[in-house]
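Two forms, one protein chain; structure tokens for each follow separately as structure 1 and structure 2.
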Structure 1
Amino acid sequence: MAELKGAGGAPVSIAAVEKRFGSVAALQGVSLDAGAGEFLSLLGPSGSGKTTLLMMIAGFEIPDRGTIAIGGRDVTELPANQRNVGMVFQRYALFPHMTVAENIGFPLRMRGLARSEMSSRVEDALKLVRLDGYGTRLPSQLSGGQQQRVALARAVVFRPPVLLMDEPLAALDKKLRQAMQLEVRHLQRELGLTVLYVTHDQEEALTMSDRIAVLNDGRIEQIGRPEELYEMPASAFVADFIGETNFLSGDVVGLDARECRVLLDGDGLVTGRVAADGLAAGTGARLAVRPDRVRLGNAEGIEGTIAERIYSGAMLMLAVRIGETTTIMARGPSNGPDADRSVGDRVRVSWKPEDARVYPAAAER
């Protein structure tokens, strides 16, 4: 295994990168720094520019503007075959006419390694992904998960300081995906690699990453640790994209430096933290609160009726109807204090002001 340890990871620095395809602005001024050995996820909906960004780091696309540096060296226009970054493609991209060992040996062959050195490194890489003994098979003789591991072995066997992965687990079923998440993370720590990991699955990003960059429409909405994104989403988009969120719209009626009071459209006064610029008394606002932070009681808060009760094993979700148009979801342990509430019961809904966040209504679109 020691054979595969290279010099560890290298930092990746992306500065003000822009890219257009005809009339489509795929990236509009993206800046991003990944530290050496960091696991950084690029998270965003389909079409947000994640693949384009990865392709630029790999050298398959050249930015219209901006620069890309790996390990402090500007590689913006360096050809792909001289960049020395590993990459795992979404559909694996294994060479179908080569055996597993030939696939993994390919980057070593391109680097002119001696035959003996090559085969010992290929063996190590196969062991690393727990596929020893599979070297003579063809990719078509492997399962999806095994092909994925071959792609991973091939991407790290030449000891690149940076590993790029484009939705590598999207094609696998849930169980296998979770096992592979652990395996990828383990490998990244073992080899000390800098990993840029593209995904549209927020749960995957939350569990695997040191930090997450949320992309939307070719821009970075927010970069931060998983807890930061979950607890303090910088925009309504991030609040919506990561985890589950109740959005309540209304008008700002009171505002100070920290807190904002909102009169809901369906009546009821609620309070939350100011989460973005652009709020002023009288303007439209959206208050976001996580279902697991919503509390049900009989004394304080806005009044409503339980409209639905969704049991899912460990958790219980209750949908509370407020007025004509608004529904607030509340989630708690299925053996918690709300366990014996049933559909039709009247309840009062509240939350701690620091658990709710208020965004200007217009900023979302």
Structure 2
Amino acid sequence: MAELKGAGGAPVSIAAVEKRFGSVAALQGVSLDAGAGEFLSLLGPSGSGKTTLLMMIAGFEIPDRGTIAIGGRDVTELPANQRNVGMVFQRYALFPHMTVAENIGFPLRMRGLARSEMSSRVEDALKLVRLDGYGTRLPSQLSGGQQQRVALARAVVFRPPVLLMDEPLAALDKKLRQAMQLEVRHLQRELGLTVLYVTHDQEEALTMSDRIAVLNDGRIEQIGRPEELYEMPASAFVADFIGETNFLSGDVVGLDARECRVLLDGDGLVTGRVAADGLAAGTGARLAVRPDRVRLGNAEGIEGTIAERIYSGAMLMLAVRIGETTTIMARGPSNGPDADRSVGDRVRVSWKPEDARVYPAAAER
């Protein structure tokens, strides 16, 4: 394992990158920096541009405009085989006719390493991913999680400073995916690699990342630590995409530099923090509040009726109907203070103003 620790991570810098495929703008002026040894996730829905950006860093696509640098070296026009980055794909891309050891050693063979050096590095890589003793097996003799470990070992065996991962865990079942998330994060920290990780799974990104870049329609909506994106989403899109969110529509009836008061369409006056420019008295607004920040009581807040009760083991979700058209979801521990509430109960719904964020109604592109 010690032999694989030598490379460390390298910074990656993307500056004003643009890419079109015919009439489709896949990336529009994207700029971001990943620090050496950082785990940066590229998160977004299908078609947001995240995989195109990763393919450009790898060298499989060339930007129409902008530059890409790895370790301070401009690699914008360099072919993929000269960028010295590791790559892990969703479908593993293992050679079915090669043994595990031959698959892992393939990039070393392509680089002309001596047989003894190859053997030593492959053995170290197998230990790193906890597959010692599996070198003589074929990929078809391995489980999905084991095949993904082989793909990881192959990607890091030549000591790349940057590891690119394109939805590598998407094909695994939930329990195995969660276990592999921890393994990938542990491997990244062990080797000190810079990792750029593409996913559409917001829970996966929150769990694994030092920072997350949220992409939408070829642009970056927000970059920040997982806590920042969850607690302080810069747009309604980010609030909706990261975690679960209640969105309540209404009109602004008052605001100052910090807080905005909104009269809901379904009746009721609520307050939240100003989260974006464009709010003014009399204009439409969307208030976002997480279900886990919603409080139910009998003394203060908006009056409503519990319309649905969803038990999921450790957590309990209650849907509260406000007026004719508005439903607010509240989530808490299943053994918490709301455990005895039932469908049909009348309750009052509230939250702390700092736990809600208000956006202009027309803020989305």
Partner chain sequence: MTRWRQVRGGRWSPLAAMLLLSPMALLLIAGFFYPLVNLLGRSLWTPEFSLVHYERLLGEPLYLLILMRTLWIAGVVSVFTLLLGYPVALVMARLGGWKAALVAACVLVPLWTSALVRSYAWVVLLQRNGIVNDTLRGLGLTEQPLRLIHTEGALLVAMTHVLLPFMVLPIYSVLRAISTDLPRAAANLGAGTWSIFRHVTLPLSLPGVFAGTLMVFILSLGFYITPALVGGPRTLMIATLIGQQMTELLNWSFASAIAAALLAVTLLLVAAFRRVLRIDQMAGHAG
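Keep in mind it's a predicted model, so treat the numbers as computed, not measured. So that the term is clear: the rigid core is the largest set of C-alpha atoms that superpose within 1.5 Å between two forms. Just so we're on the same page, residue numbers count up from 1 along structure 1's sequence.
Go through 1 and 2 and tell me the one that is the form predicted on its own.
Looking at both, the form predicted on its own is number 2.
With both forms fit on the core, has Gly254 moved 2 Å or more by CA between the two structures?
Stays below the 2 Å threshold, so no.
Would Gly72 count as moving between the two structures, using a Cα shift of 2 angstroms or more after superposing the core as the test?
No, the C-alpha position differs by under 2 Å between the two structures.
Hey, does Met98 budge by 2 Å or more at the Cα between the two structures once the core is superposed?
Yes, shifts by 2 Å or more.
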